[in-house]
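Coming up is one lone chain in structure tokens, specifically the form predicted alone.
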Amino acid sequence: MYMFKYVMKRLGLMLFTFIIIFTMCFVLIKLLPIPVNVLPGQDPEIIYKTLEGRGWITNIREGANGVWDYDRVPILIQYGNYLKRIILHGDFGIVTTYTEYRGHNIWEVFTSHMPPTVLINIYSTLIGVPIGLGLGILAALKKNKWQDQVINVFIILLISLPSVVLALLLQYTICFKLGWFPLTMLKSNAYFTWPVFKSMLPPVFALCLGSIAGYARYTRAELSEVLTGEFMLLARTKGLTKRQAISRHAMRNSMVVIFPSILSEFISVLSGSLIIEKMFAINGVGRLYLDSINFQDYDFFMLLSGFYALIGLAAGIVIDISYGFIDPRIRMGAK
């Protein structure tokens, strides 16, 4: 019962926080000038009528000198119309200023760019989790020995270097100098073919190196603390071997802190990495987000901002809730 109340409370707070973030983004976006891009050969009236149909402007009129004028719809009315379209019709808008996708449905463009983002981050998680846990376990079991020192140096280097720098080093060495991989990801929908998978590996390595360092550090710290606990001495005095005591008791207790971070990593794979996707020319969600800002496509920006905010909040709530399920001694919400 306590756990149910806690989960409902956390979900309610997450929804409330998301609404605040989403509303702030909408209001701030609508305070910016409305971009009107009329290409050569296009009818300006059609462009303005499209904006009027989206509920941005009203009272469109053409001046004597050919300059079009209009009145802005109040922001609160725009926000109400925007939420009504999303909730009742699932309509997130159409692309208005993003030249490559002008006139396309925003949701369809968004979903078509999800696969490469999700796959690259899933691959990085599947590689980073076992390697990071393995290095952390080895460092904890060989504490203060040469294996521990080597792993610590490796962890410090990876944590100190930003992912952008690591990506540049990988791109220069294994892609440009050695020629093992292409410099950018192949633009193809055949994601499970060898050429496309091979082109994904450099950004996957760039993303997972930081995760490996983080998992290794947390695992070493938690496992080292658990191994010095009094219950480990009691387990050995009851006749358990060192291997049995570690596998049955030490690993289980250390995973209480480590496992939630792994769960949040799987939730966060949808968010991807904006800079990594840009560097390796990945046709994913990160590229859309940056381009929506450059082209000032406000409806596109709102969808992607809401998506990233929701993913971040979901990752946080998964961490909190998972503690109560992983360790039965924890009773979330109990007084």
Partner chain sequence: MANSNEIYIPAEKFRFTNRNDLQHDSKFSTKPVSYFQGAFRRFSKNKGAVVGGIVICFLVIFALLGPLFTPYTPAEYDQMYAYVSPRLNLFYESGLDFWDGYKVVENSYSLFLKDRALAQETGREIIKRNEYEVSEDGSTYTYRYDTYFGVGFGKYKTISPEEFLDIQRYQNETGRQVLYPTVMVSKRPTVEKNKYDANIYYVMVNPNGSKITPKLDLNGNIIPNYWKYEADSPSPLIPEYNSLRIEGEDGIWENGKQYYYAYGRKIDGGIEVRAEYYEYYIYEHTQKAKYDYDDVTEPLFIFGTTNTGKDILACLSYGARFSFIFATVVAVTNFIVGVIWGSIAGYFGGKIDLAMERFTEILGAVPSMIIISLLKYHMGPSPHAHMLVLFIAFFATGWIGMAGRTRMQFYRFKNQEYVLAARTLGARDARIMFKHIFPNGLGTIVTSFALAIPSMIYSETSLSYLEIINLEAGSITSVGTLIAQGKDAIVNHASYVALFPCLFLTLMMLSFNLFGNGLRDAFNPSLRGSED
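Bear in mind the structure is a predicted one, so any value in this text is a computation, not a measurement. Residue numbers count along the first chain shown, from 1.
One more form of this protein exists, namely the form predicted together with its partner chain; it is left out here, but the text below deals with it.
- This chain is drawn without its partner chain; in the predicted bound form, the residue among 34, 51, 60, 290 with a heavy atom within 4.5 Å of it is 290.
- Of the residues given (130, 90, 162, 80), 162 alone sits with a heavy atom within 4.5 Å of its partner chain in the predicted bound form.
- Of the candidate stretches 205-213, 166-174, 135-143, 98-106, only 166-174 has residues with heavy atoms within 4.5 Å of its partner chain in the predicted bound form.
- Not displayed here, its partner chain is kept clear of residue 283 by more than 4.5 Å at the level of heavy atoms in the predicted bound form.
- Under a 4.5 angstroms non-hydrogen atom cutoff, its partner chain in the predicted bound form has residue 298 among its neighbouring residues.
- Although the partner is absent here, residue 25 lies within 4.5 Å of its partner chain in the predicted bound form, judged by heavy atoms.
- Remark: residue 13 counts among the residues lining its partner chain in the predicted bound form, judged by a heavy atom distance of 4.5 Å or less.
- Each of 20, 183 and 309 is positioned with at least one heavy atom within 4.5 Å of its partner chain in the predicted bound form.
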